[in-house]
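Okay, here we've got a single chain as structure tokens, the form predicted on its own, with questions on binding and movement later.
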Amino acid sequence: MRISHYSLPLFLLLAHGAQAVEFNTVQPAGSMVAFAYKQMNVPMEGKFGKFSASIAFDPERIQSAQARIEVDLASIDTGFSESDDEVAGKLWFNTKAFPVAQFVSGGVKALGNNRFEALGKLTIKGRVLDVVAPFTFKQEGRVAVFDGTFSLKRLDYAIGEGIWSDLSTVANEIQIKFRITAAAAPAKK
């Protein structure tokens, strides 16, 4: 095959695109959604036991990257069963009316050195707000790990209403931590 100097850039682009890998098969065993906060100025941590995630991420085509994460709020684990019951109640998550928190990306921005930002909407208790979620991308063969952390203000989502809106008891800032492990799509033949 003879390649002219006019078609060389196109050939190189197509050859490079043929090696592109899209990570889109989430591996629940290697994934997690957790949180950290301060209660009476004491650092506390917890996690959610049930969530689902769907992603499509090709580091060579971030303009088409997508992510959707849904968290079962009743699966909260603060380390104390009485706290879990309280937080599932009406003044906190009100899981009977709002069982799921959802993040849906609207775009991804490259920051360099395998660092990115997912820009999207976070919905909790019917309130939808813009969120920027920085994350790192680490590829190991046909598996990738996305680690990220972002902060939210719980009162913006009406989390902890009434007597719980006192910020000296539970801080307003909540740090959300996530790890999504995903395998690459099977190679097309």
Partner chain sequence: MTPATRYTATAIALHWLTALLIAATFPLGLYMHGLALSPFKLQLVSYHKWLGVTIFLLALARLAWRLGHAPPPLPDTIPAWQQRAAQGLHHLLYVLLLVIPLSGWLMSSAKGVPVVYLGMVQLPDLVGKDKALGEMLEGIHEMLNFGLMGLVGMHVAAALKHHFIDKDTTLLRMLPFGKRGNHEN
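Positions refer to the first chain, counted from 1. Treat the numbers as computed from the prediction; the structure is a model and nothing was measured.
If you look for the form predicted together with the partner chain, you will not find it shown, but the lines that follow are about it.
Note that among 68-76, 94-102, 81-89, 107-115, the stretch whose heavy atoms approach the partner chain to within 4.5 Å in the predicted complex is 81-89. Every residue of the trio 40, 44 and 168 has some heavy atom no more than 4.5 Å from the partner chain in the predicted complex. Heavy atoms of residue 164 reach within 4.5 Å of the partner chain in the predicted complex, making it an interface residue.
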